[in-house]
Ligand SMILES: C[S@@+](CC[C@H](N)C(=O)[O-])C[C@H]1O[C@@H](n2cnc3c(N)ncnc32)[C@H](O)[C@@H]1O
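Presented below, as structure tokens, is a lone chain in the form predicted alone.
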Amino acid sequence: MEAAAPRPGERVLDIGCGAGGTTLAVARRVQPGGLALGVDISGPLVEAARARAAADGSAQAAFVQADAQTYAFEPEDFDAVVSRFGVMFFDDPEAAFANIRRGVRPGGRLAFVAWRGPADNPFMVAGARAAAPFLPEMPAPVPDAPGQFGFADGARVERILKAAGWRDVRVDPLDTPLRIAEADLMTYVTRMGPAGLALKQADEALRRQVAEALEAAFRPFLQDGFARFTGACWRVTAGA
């Protein structure tokens, strides 16, 4: 929010808005008279975002289920674009950012956060590494492939944005302390990521083995009832 600096009356696009948390944060800053438009490819998440906005009473928030890589945005319609971990999944990121760029007025701005690499985020890969010996069918990570760490290479991110027509591109490291309640940790690590996908096909005995390995892998992160870790990200800004 600080990097994007949305102002009253502006129109702001939120890419990969999920359940709408960032879109509503923008909506509060652009009132009165502005618009925060959240876009996400997931229908259930867009419906959740709409319900959340209705409960919040936000007249400045709207949502569209769409793929931002191909969606026909109105030309030069937005003052700014934001995204929280929503831009690393494009099949063709250069085409996607060029498409988004066409929807931004000259002088508009872009600000997003994306994860850095696995080496900088040991918490994020601890589950997959612990489960790998028990789940040999887990796919091997492919560098630069769409996914959680698709933007791990900051120099590549800069090249993509420049090729897509953005200017004054900055890719800066951003380290943020994060935490997950210990009571929620195993739900998180057994349902998300490659380990979660592989566990859906596992039998009960295998699930118990993997659960024991996961508990041991995350034990070093536990403190005072929380798993505590650093979110190693890029904060990326650019101009249109």
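From 1 onward, residues are counted along the sequence shown. Just so it is clear, the structure is predicted and the values come from calculations on it, not from any experiment.
There is another form of this protein, the form predicted in complex with this ligand, and it is not shown here; the text below is about that form.
> Looking in the predicted bound form, is this ligand within 4.5 angstroms of a heavy atom from every one of R11, L37 and D79?
Replying inline: The answer is no; none of R11, L37 and D79 reaches this ligand.
> So which of 151-159, 164-172, 81-89, 125-133 is the stretch with heavy atoms within 4.5 Å of this ligand in the predicted bound form?
Replying inline: Of the options, only 81-89 has residues within 4.5 Å of the partner.
> Since exactly one of A49, A68, V26, V189 fits, which has a heavy atom within 4.5 Å of this ligand in the predicted bound form?
Replying inline: Residue within 4.5 Å of the partner: A68.
> Out of A211, A202, L197, I41, which one falls within 4.5 Å of this ligand in the predicted bound form, going by heavy atoms?
Replying inline: Filtering the options by heavy-atom distance leaves I41.
> Would G231 show up as a contact with this ligand in the predicted bound form if we use heavy atoms at 4.5 Å?
Replying inline: G231 lies outside the contact set for this ligand.
>> Residue-level contact is defined here as any heavy atom of the residue lying within 4.5 Å of this ligand in the predicted bound form; does L45 satisfy this criterion?
In response: Yes, L45 lies within 4.5 Å of this ligand in the predicted bound form.
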